[in-house]
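As structure tokens, one chain now follows by itself in the form predicted on its own.
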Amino acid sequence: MELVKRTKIVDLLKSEAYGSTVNVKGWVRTRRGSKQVSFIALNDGSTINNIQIVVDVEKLGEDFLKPITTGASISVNGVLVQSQGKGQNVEIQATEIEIYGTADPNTYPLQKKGHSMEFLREIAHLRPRTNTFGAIFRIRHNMAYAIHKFFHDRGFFYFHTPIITASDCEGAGQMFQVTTMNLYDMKKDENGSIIYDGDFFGKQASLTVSGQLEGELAATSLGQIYTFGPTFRAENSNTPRHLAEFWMIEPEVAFNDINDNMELAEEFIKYCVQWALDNCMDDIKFLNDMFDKGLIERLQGVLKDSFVRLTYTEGIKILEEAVANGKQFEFPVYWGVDLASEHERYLVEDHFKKPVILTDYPKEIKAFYMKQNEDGKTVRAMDVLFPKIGEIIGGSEREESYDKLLTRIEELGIPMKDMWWYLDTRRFGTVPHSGFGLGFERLLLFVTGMANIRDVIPFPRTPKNAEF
């Protein structure tokens, strides 16, 4: 084949260099046609859109074209011309084709037909080749880029917190253990507790559930930081909203109170949604048309209004009134309950019809590090609630008082040996500070309109599933 520099399809589709010789490489979506002319729809992953390759069958030979079926990979040299057909401005009249790899139509699982999401999860190694997952993973990249850009432009520093840790940030205890010990030969002391002296770290270690505590250390020296990395929760939740391995963004800002925190969260999430609309419209439009007809409208809706600020107590009143007026919830509503997704979505979708930031939760249902209010019952927590998702961001102003924090740690029985370094931030130059966590995949659920969190991460990790 004549050596012509490759051009990506995303660039060719915008080109007006009619008559020029171009090279394009990609995977065949479909091939159709007659004895005289063949039309190949080619995609290289750079865009949701295919480019049409027009082939003179006589010129290249019918037998040569036979192996060019759905899934095959080819390189094409040809002339870029204005397209006569609808839906595209340009197409390529092929002069030379090289076949890199064939895909047997009898065994290649992605033939041109609709596939269920469940089936595609079983072939997660191939599903990025579908239009749907190509769109989702391009959006995922764009959202990651937008997150870094948002914080960088505002003077935040990207801070890397450890993935292996000896502390449980949430106090939830649902952590994956990390060990080099022989699991068949665990040495135990007289109380039956495992002896970790011979283990790699010499103590019990786990995969992190959050980078927040270490993020607080960084914020009390660098001023404003954010983390963005994988986190792990070993909770046995087989729901469309939970993963055992997911990505988390956690900004932490010294001298910010709860109100500054709410403003940052709203600005941040609106920036990400705007970025998606500005930079991923082809992919979003495809997902809107194929899966969720209200997607674009919902994304635009989040941008136009300020989020509602509402205390937990006021939220409970609204929910209790709804119940009194005949609304039925699966889970009960009372002051002190940890709200279920159905309660959160009622406030957002039915009552206010816009995103809600719920604040001042009962301290019993929130983490030990949250700043206590004067009433002694509530803490300065904030959850951002979104349509279709429920909670998308959780955060708080942190308790900066050494004595109050120590009391809370003791009340909850959190082992002090794991917490001395965290308490040091309250002993040496303590400051008011606030932060929040955004589950990256929850944001992607909202932006893509997907119904299941397993469909916005390339290789989902869930109970009894660690394939690929």
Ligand code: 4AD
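What you see is a predicted model, and the numbers here were worked out from it, not measured in a lab. The first residue of the sequence shown is number 1, and the count goes up from there.
The same protein also exists as the form predicted in complex with this ligand; that form is not shown, yet it is the one meant from here on.
When this ligand is considered in the predicted complex, E391 lines it closely, a heavy atom lying within 4.5 Å.
Interface membership of R138, defined by any non-hydrogen atom within 4.5 Å of this ligand in the predicted complex, is ruled out. Among heavy atoms of Q212, some come within 4.5 Å of this ligand in the predicted complex.
Taking the partner from elsewhere, Y369 is found to have a heavy atom lying within 4.5 Å of this ligand in the predicted complex. Only one of 231-239, 67-75, 332-340, 112-120 places residue heavy atoms within 4.5 angstroms of this ligand in the predicted complex, namely 231-239. For the residues F246, F156, F159, Y346, the 4.5 Å heavy atom test against this ligand in the predicted complex is passed only by F246. No residues of 286-306 lie near this ligand in the predicted complex, the criterion being any heavy atom within 4.5 Å.
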